[in-house]
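Quick heads-up: it's one chain on its own, the form predicted alone, in structure tokens.
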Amino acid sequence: MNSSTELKELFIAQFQSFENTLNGEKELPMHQIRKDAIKKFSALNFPSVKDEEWKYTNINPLLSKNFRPADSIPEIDPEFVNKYLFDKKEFITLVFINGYFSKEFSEIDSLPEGLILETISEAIKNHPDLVLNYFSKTASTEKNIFTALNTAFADHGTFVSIEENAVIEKPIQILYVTKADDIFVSPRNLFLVSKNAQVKIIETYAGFGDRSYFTNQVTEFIVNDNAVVEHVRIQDEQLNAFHISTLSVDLEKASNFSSYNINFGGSLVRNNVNTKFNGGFAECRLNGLYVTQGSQFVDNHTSIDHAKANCLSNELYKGILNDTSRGVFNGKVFVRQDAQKTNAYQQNKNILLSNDAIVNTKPQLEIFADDVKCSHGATVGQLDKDQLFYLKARGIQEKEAKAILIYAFASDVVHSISMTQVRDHLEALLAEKLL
């Protein structure tokens, strides 16, 4: 029996134990979705480098581990949590530790009118029809074994519903902290944004401890007509962590979605970002930054589906790779036959700080319409020696000069974030990683 088969059987056995903890919830319609998902998980195979979508990503280190579901909230230093949180007076705050909601660190009292904010397990009980209408509709379990696994264990995570015309002034910050103890966590987020509504959401993933752990995370967005969403995702896991995430976004008519996908941590990281235009005159911006060191591996796979006419997508992903780390970028843009007047732009730029760092980049355009403006491109290079000489000639030490150039290269990914605290935090974190 190989390691992938052993791990699959382990997860199936753990699902049976998880099921036994649900008591009366096993009779709810939601649990049927879980049972269907575990069947799909059982039928699917873990991907290998023989699969085109995973050809550069070897997940054998993950498959060799025997992770168990997190079952409690461990003790944690408040200072560790607080360093990842923005001012609670200015942000609505939810904190999860080992997947479990922590009331101690959260601040969700006095929610503004038009906002429903609950844990996903609470929403399943309190708003079953609303959850069932959208849960697992954009993040398909048909072909993705990790999404199927997350759906099977979906019991922890965040549910957000914004009523029509509501403008949520305070950003919502969601922090997931995991103690490295050979466990796996399955955060599941469902964000519903109604017509003409506006919201800003920040997801942060962090961990502590010396052992390994596995974060398998899924976020679904439904962005309705004329809605405006700004979404920032910060992954700063431990360097002994495995992290696989899926972000699925449905965009309706004249909606506007801005995404910032920032990656600093993790041993093996895979991010799937899938967006689809279901209505015309919508806009989507995907921004990504990955900064790697040591033997880190970060793989970003993005997909933008222009299924309707008169839509705009603009994608910019940048990578900074050091030591023996590796990066992968695969960005696909589909322009369907009826999607005339599409504007689609895609760029991936990378800087290698070491001769041993490697990046595999593959921007793709598939265009089936004729009245469109589309472009894509990728670059891989090193720091400009002339610029470095210029700074050193003015008395700046080489290390600081390199940091200045790298910071300038990376900063345009995050400078358009509208939330000042978030932008400043990311810029400070970036400077810390570079010095």
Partner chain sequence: MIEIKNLHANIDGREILKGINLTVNKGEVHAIMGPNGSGKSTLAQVIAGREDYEVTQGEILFNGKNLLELSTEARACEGIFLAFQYPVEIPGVSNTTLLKNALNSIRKYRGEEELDAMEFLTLVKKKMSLVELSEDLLRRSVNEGFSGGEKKRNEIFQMAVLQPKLAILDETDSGLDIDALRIVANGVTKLKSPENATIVVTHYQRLLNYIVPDFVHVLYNGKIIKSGDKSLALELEDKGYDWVIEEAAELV
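From a predicted model like this one, the values you see are computed outputs, not experimental measurements. Positions refer to the first chain, counted from 1.
Beyond what is shown, the protein has a form predicted in complex with its partner chain; the following relates to that form.
Contact annotation for Ser64: none of its heavy atoms lies within 4.5 Å of its partner chain in the predicted complex.
Using a 4.5 angstroms limit between non-hydrogen atoms, Phe389 touches its partner chain in the predicted complex. In the predicted complex, at least one heavy atom of Gly395 sits within 4.5 Å of its partner chain.
Interface residue remark: Ala43 is not counted as part of the site for its partner chain in the predicted complex, having no heavy atom within 4.5 Å. Just one of Leu383, Ile404, Ile367, Ile33 comes within 4.5 Å of its partner chain in the predicted complex, counting any heavy atom, and that one is Ile404. In summary, the region of this chain contacting its partner chain in the predicted complex, judged by heavy atoms within 4.5 Å and restricted to 54 to 62, 33 to 41, 370 to 378, 395 to 403, corresponds to 395 to 403.
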